[in-house]
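Shown here is one chain on its own, the form predicted on its own, set out as structure tokens.
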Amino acid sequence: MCVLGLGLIGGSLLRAAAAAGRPAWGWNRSAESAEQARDDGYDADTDLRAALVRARDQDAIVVIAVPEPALDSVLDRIGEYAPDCTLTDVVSVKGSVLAAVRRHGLADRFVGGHPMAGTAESGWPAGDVDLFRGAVWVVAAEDDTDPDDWTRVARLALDCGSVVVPAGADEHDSAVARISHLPHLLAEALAVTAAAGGDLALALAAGSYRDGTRVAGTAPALVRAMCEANAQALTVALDEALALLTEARRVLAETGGTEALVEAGHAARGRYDNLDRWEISDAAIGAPGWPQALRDAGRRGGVIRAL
């Protein structure tokens, strides 16, 4: 496996794959990160051509783990040196990545991926060999996805300790706008609102503030990259959240009550806590209609724990 980008996610993936016994190496544009990885005993370099030629020669899975703005330049090099390798990614949006892969003529071997794991930290030192253990890893199943490539990518996710959820690119982006990108914007808004209360407000802040603003500690460039790449779906989710808050403000001002939003939020959280992640045990990868069948199962809460 060849990992392109050794930040939090890519660096954790290199660690996890190596721990699972997979031959794995990485590339990073920053010499500092590559050197840190080597100092920790991992195979890493700053020579992208060499990393991709090696991937081509060993028929490795190439994993794109660079920020969205760097995607096109990396795809150019993959097209030049390793166009026939199984290709996946760990970028937090899928529609724009899939479109870019298609523009570069690499869609035949591409399987989109998104491990739903992370922290507010960034860079190689933030990586964790156990970051993906027990986490959900979306493995995209498009109508034209190659079943053998899909299986290779799904097995990589399973080897890293994750459970696999199949989904299409568009429905993935709509979902993560609600459960990942919107929370980032809400955390930023909460942090700004609290800070406007001065040092007294910050001195009194405890668990609810700390938990609600945790992701506001993420590097702004990373937050912007993920949110702006998913602008259309995020705008829809943001409009829904604003409508709820606007109505809650109206009711609070007129009646002094908060019951409607609080009760609805409590019920929605309960639905998450009690979600039945049932096992997709009858998936026939490669059978007629298999991508649609997997997407339907994922939509209904199904996961894959073994292949």
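A quick note: this is a predicted structure, and the numbers were derived from the prediction, not measured. Rigid core (definition): largest C-alpha set, two forms, superposition within 1.5 Å. We number the residues from 1 along the sequence you see.
Separately, the form predicted in complex with another copy of the chain exists; it is not shown, and the next lines address it.
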Do heavy atoms from each of 38, 103 and 161 fall within 4.5 Å of another copy of the chain in the model of the complex?
no
Can you pick the stretch from 76 to 84, 145 to 153, 123 to 131, 173 to 181 whose heavy atoms fall within 4.5 Å of another copy of the chain in the model of the complex?
173 to 181
Residue 99: heavy atom within 4.5 Å of another copy of the chain in the model of the complex?
no
Since only the chain is shown here, I'm wondering whether residue 10 would be in contact with another copy of the chain in the model of the complex (any heavy atom pair within 4.5 Å).
no
Is residue 240 part of the interface with another copy of the chain in the model of the complex - any heavy atom within 4.5 Å?
yes
Spell out, yes or no, whether the shortest heavy atom distance between residue 299 and another copy of the chain in the model of the complex is within 4.5 Å.
yes
Within 174 to 200, the residues that have a heavy atom no more than 4.5 Å from another copy of the chain in the model of the complex:
175, 176, 178, 179, 180, 182, 183, 184, 185, 186, 188, 189, 190, 191, 192, 193, 194, 195, 196, 197, 198, 199, 200
Taking the rigid core as the superposition reference, indicate whether the CA of residue 199 shifts 2 angstroms or more between this form and the one not shown.
yes
